[in-house]
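Have a look below at one chain only, the form predicted on its own, in structure tokens format.
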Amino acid sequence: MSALENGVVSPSLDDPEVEFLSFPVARLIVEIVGDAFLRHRFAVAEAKRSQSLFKDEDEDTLISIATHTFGINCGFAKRDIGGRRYPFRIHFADYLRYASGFHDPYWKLVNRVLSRGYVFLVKEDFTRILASAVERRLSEPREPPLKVPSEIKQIVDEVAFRVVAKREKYAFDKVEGEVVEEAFPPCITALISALQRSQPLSHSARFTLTSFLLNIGYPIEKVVSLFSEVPDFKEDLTRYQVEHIAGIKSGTRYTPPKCETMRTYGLCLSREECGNVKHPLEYYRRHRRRHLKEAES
């Protein structure tokens, strides 16, 4: 959650046993959720954490990590060039592999000390290369296990829900006044119909439906009740998630994803029918006004 929400993970090693066990469990959760955005956030956060820890390691340990963990062609340089001490050297091919994503001109190969195919590095730069190796390793998808403990499954559900919420904080004001269900966009109507048929929804679909209904005036109790028809319904977890989206738990009221994102989720049903609408709440506002005008006339 620290990686997802803040982009960093504390490097504290106050409890080594917890630290040791937390990493594989966190990696397991990431792979079960299977979301590229979450995997990237986790990889970057762990890379930052690793670099902060690498800075306190001696040179022998860093060389051992680089060669044995990541297979990097490197070694000791221990050269003084231009009044600067270079403890490490790394083959230019590995240097380019792990530094290619750094945009600062400082990292361009033309600006480095290069001798006989090896780039000379100070400790700070060498640890940055190692951190890049960590990020790349954790960015590679792994096949998740087919079965996981129920405790982990509950955490996975929560994290997956937070991932969708983290990605979408669209600036739309809450719609006040009478709820007009006839003005619902096709995607929302389809999700409600699926629930009424007791069909389970994906995390992105649940977030979309919940945030939409809350933003048009549905009370929390009614939203929770709507989800009670699905086979895996758990009232305490559902209520927590609904209250989180409503801003009671999180302090931030979330709105549903924009239509472009809905299409990537596979939730958009009728692009032609919706016209140039770019957000489900925009569709609802337009059709709600039209419906209320027709009702008055």
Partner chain sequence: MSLDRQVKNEVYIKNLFRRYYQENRVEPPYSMEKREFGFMFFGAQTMMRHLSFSEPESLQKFLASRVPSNAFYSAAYYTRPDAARMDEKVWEGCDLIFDIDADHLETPCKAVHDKWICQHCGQSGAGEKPEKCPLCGEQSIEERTWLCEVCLEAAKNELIKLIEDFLMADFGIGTDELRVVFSGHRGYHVHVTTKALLDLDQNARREIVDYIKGVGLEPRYHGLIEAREGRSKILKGPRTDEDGWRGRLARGVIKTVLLMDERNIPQERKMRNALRGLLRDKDRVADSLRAGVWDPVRGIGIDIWEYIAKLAVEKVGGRIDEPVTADVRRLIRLPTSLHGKTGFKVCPIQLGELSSFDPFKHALVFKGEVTVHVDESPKFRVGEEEFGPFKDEDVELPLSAAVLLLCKGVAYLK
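Positions refer to the first chain, counted from 1. So that the term is clear: the rigid core is the largest set of C-alpha atoms that superpose within 1.5 Å between two forms. Computed from a predicted structure; not experimentally measured.
Keep in mind the form predicted in complex with its partner chain is missing from the figure; the text below concerns it.
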Does Lys147 reach its partner chain in the predicted bound form, with heavy atoms at most 4.5 Å apart? no
Given that its partner chain is not shown alongside this chain, does Thr261 nevertheless sit within 4.5 Å of it in the predicted bound form, heavy atom to heavy atom? yes
With the partner left out of view, is Arg137 within 4.5 angstroms of its partner chain in the predicted bound form by any non-hydrogen atom? no
Please tell me whether any heavy atom belonging to Phe92 falls inside 4.5 Å of a heavy atom of its partner chain, as the geometry stands in the predicted bound form. yes
Ser115, Gln154, Thr189, Ser225 - the one with a heavy atom within 4.5 Å of its partner chain in the predicted bound form: Ser115
Only one of Glu143, Glu221, Glu124, Asp104 gets a heavy atom within 4.5 Å of its partner chain in the predicted bound form. Which one? Asp104
For the chain shown here without its partner, which stretch in 125 to 133, 177 to 185, 155 to 163, 104 to 112 has non-hydrogen atoms within 4.5 angstroms of its partner chain in the predicted bound form? 104 to 112
Every residue in Leu96, Ser100 and Arg197 with a non-hydrogen atom within 4.5 Å of its partner chain in the predicted bound form? yes
For the stretch 57 to 86, return the residues whose heavy atoms include at least one within 4.5 Å of its partner chain in the predicted bound form, in the order they occur. Arg79, Ile81, Gly82
Could you check, with the core superposed, whether the Cα atom of Arg84 shifts 2 Å or more between the shown form and the other one? no
Superposing on the rigid core, is the Cα displacement of Thr127 between the shown form and the other one 2 Å or more? no
Has the Cα of Phe207 moved 2 Å or more between the shown form and the other one, judged after a core fit? yes
By 3 Å or more, the Cα spacing of Gly101 and Glu260 differs in the predicted bound form; is it closer or farther than in this view? closer
